[in-house]
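Okay, so here's just one chain, in structure tokens, the form predicted on its own.
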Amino acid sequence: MLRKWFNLISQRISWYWELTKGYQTGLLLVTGITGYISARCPFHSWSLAAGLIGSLFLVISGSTILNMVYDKDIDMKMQRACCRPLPSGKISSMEALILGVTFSLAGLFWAFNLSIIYGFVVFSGLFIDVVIYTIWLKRRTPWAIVFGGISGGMPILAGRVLGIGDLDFIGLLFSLSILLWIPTHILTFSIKYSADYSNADIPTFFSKYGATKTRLIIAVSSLLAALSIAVGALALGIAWGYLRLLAVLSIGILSLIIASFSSSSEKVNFALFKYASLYMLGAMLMVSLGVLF
């Protein structure tokens, strides 16, 4: 009997974890930690560092869960999403809503207790992601991804703000780099799963402007994202060795973009989608190591 209950609880936790999109949440959390480390005060206070990680995790997870509650109807129409806990009926919408609101409020309470300005940045990310991006714009215009990018850039800005106690040019620049990186990630994804987005009646750049223009937007945004990170890294004064590694990472993603222009292969497109995440993770690692060492 005890084993049965343990299995049921473990299964439910795994469904909750799936609701948070753990990989996406983890990547955004890494950017927040990078923003904090970039202030050159890494973990000078373990309670502050724990607060950063805990509050960001709760708010990012909470906003993701709330988005999935609102998007349940369209997920049911998408082959890649129909087996998620909500559309498949494993978890009820009310249960997920309670979980999402609880996570979000707990994270915001924690964030405001750490710093008022940090709390406002974290709240802004939540509001833009859930209200402006998901509820208002996602089903209306492909340009909604701009606001998705702005919300995605808030964790790194929040980390920087918590570290230095104020907004500054470097924090805004790093936030901009995430905003510009989002199209590389999302637009390549929307090309691969264009049929799913069409079935769900979600407007995408691919459906409205075609493959060529979409890939051009990906190329331009990727180049500008790399430049933003490079300028931010230079402003921080990190060593040239780490800057060269950043350049190598940037060459890799630009090479894949060029390959996607010359070949409409789904394999190349998906490689670009996967590398975009690795690129951002690598860039965050280089910035952090460049500051620490």
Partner chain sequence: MKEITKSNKIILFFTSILAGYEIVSGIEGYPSHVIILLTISFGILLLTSLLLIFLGFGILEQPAVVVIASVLPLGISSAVVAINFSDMFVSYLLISLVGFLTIILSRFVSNKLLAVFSLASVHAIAGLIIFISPLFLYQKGVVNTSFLMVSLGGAFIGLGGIFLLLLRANKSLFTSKQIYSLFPTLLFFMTISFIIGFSEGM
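Positions refer to the first chain, counted from 1. In this text, all values refer to a predicted model and were calculated from it rather than measured experimentally.
The form predicted together with its partner chain is left out here; the points below concern that form.
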Report the stretch among 220-228, 64-72, 241-249, 29-37 that approaches its partner chain in the predicted bound form to within 4.5 Å, counting heavy atoms only.
-> 241-249
Is there any non-hydrogen atom of A49 lying within 4.5 Å of its partner chain in the predicted bound form?
-> no
Might K274 be said to contact its partner chain in the predicted bound form, defining contact as any heavy atom within 4.5 Å?
-> yes
So, in the predicted bound form, is L58 in contact with its partner chain at a 4.5 angstroms heavy atom limit?
-> no
Thinking of L256, V268 and L278 as the candidate spot, does its partner chain come within 4.5 Å of a heavy atom on all of them in the predicted bound form?
-> yes
